[in-house]
Every structure is written in structure tokens, then in C-alpha cells.
Ligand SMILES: C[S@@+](CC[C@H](N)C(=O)[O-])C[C@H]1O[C@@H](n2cnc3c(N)ncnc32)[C@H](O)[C@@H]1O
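A single chain, nothing else alongside it, follows as C-alpha cells in the form predicted on its own.
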């Protein structure tokens, strides 16, 4: 993950968006949250989606390997925050948003005991195939029973363009989350017309899918 740290240092963060994700806005209701509930955002970067969730009355816990990303999140959004340190994480915390800077795989269930839902916009698809298996297994182990996940994925001809973001199709999602999760496909469509980067590489489709999962 050294490359990930370097990308933030070099400001090569083309995946970052300055507005909340439209699919989060459209499908956040599937998480069945109440005001004051806590949402976990893995590999959160400095995503504006965390601001959106907080504005809806939810608390947010993120995890992000790059400390620079965590710092930029709070400074860019002019949010006052405090910094503390525990064994494996540097913790950046405001009133409603906390970001653990460190390795996702070192999170434990104790870190997420108050989490009712997970929002995964760019975590699963940021990881190569081998790590995706490990990611799904670890996520299962650290969230509580009944926790819901809003998952966004991309699928395209991986041979035409390298990730990240990596291509993850419906069969892989079913395989990764077949043990211990209910999985509902909410939406799936080809959005190549809005992806000039993929068009330039002669990719003929980019399938965007949204899922709602629930740990049982």
C-alpha cells in the first residue's frame, strides 16, 4: 500500500469528487438508519460523502491509510478536530466524524461496536483480487449482526485498462458475500457515455452496480 500513500503525497487522487455520490443520496434509505446512528466508511480518503452523512444526522467513522488524507478532510472542510494516538491508529475526531488513520485490517469489532451501517463506495474496488477476499472476510468479522452495507461497484473489461478502480462483477460480489450476508442488487447499468477515460481506452462498457447487504 506504499503506492497509495505516495498518490496522496503527489496529489494523484483522480478518484476524489467534490460532491456527494448520487447513488449514496438515492439509496441511503436502504440502510434503514435513525438519527444519531453511526455509519462506517472504509478506505474513506477525504470523501465528501462523509459530510453528506453527517448532514443527514448520522455519525461517521472512517478508516484511511493516509494520514494526509485525514488531515485534508478536516482542513479542506474547515472542521475543527482533535488528534489522538492509540496503538495502531492516529485518530482524527470532530463532533460527528472520526477517522482512524491506519491499516483497515487492524480494526477490530471493538472499534465498530456502535456501527449500524457501512457505506462502501470505493473500498472494495480499490483493492486487487486477493485483497478483496481478505477485505470481505475482515469486514464480516468486525461488524455486528444486522449491520447493513451500501456497496457500489464497477465492472468493465479489466484487460483493457488496469485498476484501481478494479472491475468487480455481480458474480464476484455474490461469491465474496455469499457466507453470512443477504445481498440485494438495487441497480445496475452501463454508464460508458459518462466515462471519457474509459472511452479513450476503447472500453465498450462500464457497468455501475449498487447493492444493499445485511449481515445475518
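On a predicted model such as this, the values are computed, not experimentally measured, just so you know. Numbering follows the first chain given and starts at 1.
What comes next is about the form predicted together with the named molecule, which is not displayed.
With the partner omitted from this view, the residue of 117, 126, 136, 112 that lies near the named molecule in the predicted complex is 126 [heavy atom within 4.5 Å].
Annotated contact segment (heavy atom within 4.5 Å of the named molecule in the predicted complex): 60-68, selected among 60-68, 179-187, 23-31, 155-163. When the named molecule is considered in the predicted complex, residue 86 lies well away from it, no heavy atom lying within 4.5 Å. Proximity of residue 74 to the named molecule in the predicted complex: non-hydrogen atoms within 4.5 Å are absent; the residue sits far from the partner.
In the predicted complex, the named molecule lies within 4.5 Å of some heavy atom of residue 43. With a 4.5 Å cutoff on heavy atoms, residue 122 counts as touching the named molecule in the predicted complex.
Of the residues in 95-121, those that come within 4.5 Å of the named molecule in the predicted complex through at least one heavy atom are, in sequence order, 102, 103, 104, 105, 121.
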